[in-house]
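Read the single chain below, which is given as structure tokens and is the form predicted alone.
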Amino acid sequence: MSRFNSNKYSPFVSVDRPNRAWPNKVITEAPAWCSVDLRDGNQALIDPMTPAQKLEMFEMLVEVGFKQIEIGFPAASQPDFDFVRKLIEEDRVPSDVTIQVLTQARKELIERSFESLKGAKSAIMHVYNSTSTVQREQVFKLSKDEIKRIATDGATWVKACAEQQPETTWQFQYSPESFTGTEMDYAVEVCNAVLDVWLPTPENKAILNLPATVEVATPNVYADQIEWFCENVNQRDSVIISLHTHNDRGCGVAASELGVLAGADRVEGTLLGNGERTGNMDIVTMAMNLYSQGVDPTLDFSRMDKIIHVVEKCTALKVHPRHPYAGELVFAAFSGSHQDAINKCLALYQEGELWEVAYLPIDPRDLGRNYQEVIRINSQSGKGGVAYVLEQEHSIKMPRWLQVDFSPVVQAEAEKTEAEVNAQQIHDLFFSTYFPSDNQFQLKGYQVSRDDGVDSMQATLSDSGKDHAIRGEGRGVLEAFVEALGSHTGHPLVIIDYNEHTLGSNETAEAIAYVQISVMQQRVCGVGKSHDILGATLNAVLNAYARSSAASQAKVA
């Protein structure tokens, strides 16, 4: 039999809730957030954070806006204990931030945890024990009553220790670890027994944290569990229901979102999802999901690159380039059709309007990113993307017909190099294509006059190093110039399309012109630059002619 055998697993038994209410609800405000980066995140690292890294992470969490931060497991290690003391003794905890520590429901560990928090202004004492069927029966080999006794003894010791440190404002939190693997009626029974010890009130609520320590079912099942628990727990008005989801099935964010719909008030997680096994629930993703729906997440991720820098530095874990909202490539479009749609939408968007841009769920600028990072060019890209990059990086606004002409040049380069073509490479390709270095003509000077609606053009061209005067007439200066050039070369020219603009906003800015001409039985595009619009246009015609000559010679060869 193959070792890859699904018969060794059984499906998770769903909660029978024919009248579930959460599917019809919408999240309209953010839950209370608690960062566990310094505890759950730290214990999952190959090399735990140094004290300096912990402090940098803590200060960044405060800057982002977290009001509750779990800072360690002080009874488990001396470094965690020392870090808690450092924050308190050096008065590094802002008055509006509550620190939280975790402890198992054991008397000596609880006492050690309270010792670490002496002098704190406010703190959450988070006590836990495992209640799941598999833990009871296979790990601890204890009965339900014995497991419940561990929880109530822990609650009793927490309450007694808190009474000995009245200078601190205390809040108590209990977690039935592996809640999702615990029978629902038993989970409620244990939590109610803890509440009977703590006697919370609406003014001084207890926190019941319901962790998906291991994600064992689809997010909707977790939501059913949370809704059922909220309906059956005692003293619901005196309890804050908290969630702590892990990502074993890749659904940690979805489970927390549905859990909030089901009645939860608070969410624990880490920035960018660091945590044991596949990680904790990613607060960045969940908060930004709310933000994208017009809900204030109460956390500020406008300096996303700084957040990523601190997280990567402190955890030694790289953020995936496709990580939601935070990854380097999440706002980058390589597909030609995507680029074209983004480019058109951005051209229409006005600051202050509701954000409606194809393929971009939020404005990258809200996270400190810019539009130059949105469109990236490779062999899958199209003309719209190339045009966007040139405009954003170099103020070159190619007309549509020039985009069609230039896009194959960039695609050929991408296919040759088998890599992304960056903005500078695109700029270099543009100039090598439309400003031919072997142009036989150089514009030396020109004069224009008008008589009875007819424009006369006299220009001096350097033709292969020798100066020549050319003359022409037409209905407009450009027509007069192409008539003169055609007479000089013996190849009549026709202007098909023409555009021009300046490359800056001040009086010293150069002008750039784009032309499409018909000459020698082919259509050719040309680009020219000068400090005046007319000079740029005449140079564009000369460059187009040079390209047509080169193409004709190539055909003959």
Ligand code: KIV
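So that there is no doubt, residue numbering starts at 1 and follows the sequence shown. Here the structure is a predicted model, which is why all the values come from computation and not from measurement.
Another form exists, predicted in complex with 3-methyl-2-oxobutanoic acid (KIV); not displayed. Remarks below refer to it.
A.B. asks: Looking at 474, 324, 200, 211, which is the one with a non-hydrogen atom within 4.5 Å of 3-methyl-2-oxobutanoic acid (KIV) in the model of the complex?
C.D. replies: Exactly one listed residue reaches within 4.5 Å, namely 211.
A.B. asks: With heavy atoms only and a cut-off of 4.5 Å, decide whether residue 54 touches 3-methyl-2-oxobutanoic acid (KIV) in the model of the complex.
C.D. replies: Answer no; every heavy atom of residue 54 is more than 4.5 Å from 3-methyl-2-oxobutanoic acid (KIV) in the model of the complex.
A.B. asks: Answer with yes or no whether residue 157 is in contact with 3-methyl-2-oxobutanoic acid (KIV) in the model of the complex, where contact means some heavy atom within 4.5 Å.
C.D. replies: Because no heavy atom of residue 157 falls inside 4.5 Å of 3-methyl-2-oxobutanoic acid (KIV) in the model of the complex, the answer is no.
A.B. asks: Contact with 3-methyl-2-oxobutanoic acid (KIV) in the model of the complex for residue 177, defined as at least one heavy atom pair within 4.5 Å: yes or no?
C.D. replies: Yes, residue 177 sits close enough to 3-methyl-2-oxobutanoic acid (KIV) in the model of the complex that at least one of its heavy atoms falls within 4.5 Å.
A.B. asks: Using 4.5 Å between non-hydrogen atoms, is residue 398 touching 3-methyl-2-oxobutanoic acid (KIV) in the model of the complex?
C.D. replies: Taking the distances in the model of the complex, the answer for residue 398 is no, it never comes within 4.5 Å of 3-methyl-2-oxobutanoic acid (KIV).
A.B. asks: If we take heavy atoms and a 4.5 Å cut-off, which stretch out of 454 to 462, 239 to 247, 479 to 487, 430 to 438 is in contact with 3-methyl-2-oxobutanoic acid (KIV) in the model of the complex?
C.D. replies: Careful reading of the contacts points to 239 to 247.
A.B. asks: May I ask whether 39, 102 and 128 all come within 4.5 angstroms of 3-methyl-2-oxobutanoic acid (KIV) in the model of the complex, judged by heavy atoms?
C.D. replies: Yes: each residue has a heavy atom within 4.5 Å of the partner.
A.B. asks: In the model of the complex, which residues of 454 to 492 put a heavy atom within 4.5 Å of 3-methyl-2-oxobutanoic acid (KIV)?
C.D. replies: The stretch 454 to 492, when checked against 3-methyl-2-oxobutanoic acid (KIV) in the model of the complex, contributes no residue at the 4.5 Å heavy-atom cut-off.
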